[in-house]
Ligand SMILES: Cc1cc2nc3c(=O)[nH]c(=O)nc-3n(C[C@H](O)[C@H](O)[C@H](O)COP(=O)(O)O)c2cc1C
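Next up: a single chain in structure tokens, the form predicted alone.
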């Protein structure tokens, strides 16, 4: 059952080490500015993303739904996002599309004034027959401003019960992107340049890069019995690498995949992200309470503000001109791109 799988995913992410073995954000070094441009308290984190104003360039990225525990997680996150004025994406809504009694585990987000709400449907489901009806249901379920289409073919290939059909997916996506505000989202393996160009040309509103550095869903599925997950644990494109190769496409980018703190978030902004996506870093807090989520996010926001201050920038927009150094394995990736 889908809801049991959702619970398994949550438990594995909490109880097991499913992180990529290498976090490529450590290979990005922001250059220090000795004399900051403004007082720390005058640093502005406000941004506009997809026409919505956020108090900080942060989206609590897609995690879960489809189980009673998932409802508690989503409610804690929604309360925190309302309090802090930041965005939120729910996890894959397939469970509720197929079982209406599970809708409340996602729809709880509508009880809170979250400034940017993102729904979520998997690309494999579109290849298998989902269409406009399912898209509308998903968006109405959470009163979404836009819908993430997640590309999790790595996970599906490892998953014992995975869906690996592609079919005429490109044609389906082109048609849907002209009718609905869609965001292309990976789930830990990164967006290729070829795919990024396709999403822009197809009319997608943004790209969530979600590359290697954070949670490995090949690892998650390994713990569910997908033996190949151990072999493909670190498969994919590094998160900061994807930002660098896509930033000239002139499509809004969400920097995600392994963001652990405000310094990582600042690095993502410097590499071209408009906002950053944070997921597993707040999951333990979300299982506790909304207050715990708020506390953790406030720490990240404070760290982000300090990083911007120390680079000599005054706001999020100026971070795009911040100087940085690339080292280590990420440097090797860029030499061969």
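Since the model is a prediction, treat every value here as computed from it, not as a measurement. Positions refer to the first chain, counted from 1.
Heads up, the form predicted together with the named molecule isn't pictured, but that's what we're talking about next.
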_Contact of residue 187 with the named molecule in the predicted bound form (heavy atom, 4.5 Å)_ = yes
*Can residue 87 be called a contact residue for the named molecule in the predicted bound form at 4.5 Å between heavy atoms?*
no
*Verify the contact flag for residue 280: yes if a non-hydrogen atom of it lies within 4.5 Å of a non-hydrogen atom of the named molecule in the predicted bound form, no if not.*
yes
*Can you check whether residue 92 is within 4.5 Å of the named molecule in the predicted bound form, heavy atom basis?*
yes
*Any idea which of 133-141, 230-238, 213-221, 195-203 reaches within 4.5 Å of the named molecule in the predicted bound form, heavy atoms considered?*
213-221
*Pick from 271, 293, 63, 54: which has a non-hydrogen atom within 4.5 Å of the named molecule in the predicted bound form?*
63
*So which bits of 110-131 sit within 4.5 Å of the named molecule in the predicted bound form, heavy atoms only?*
120
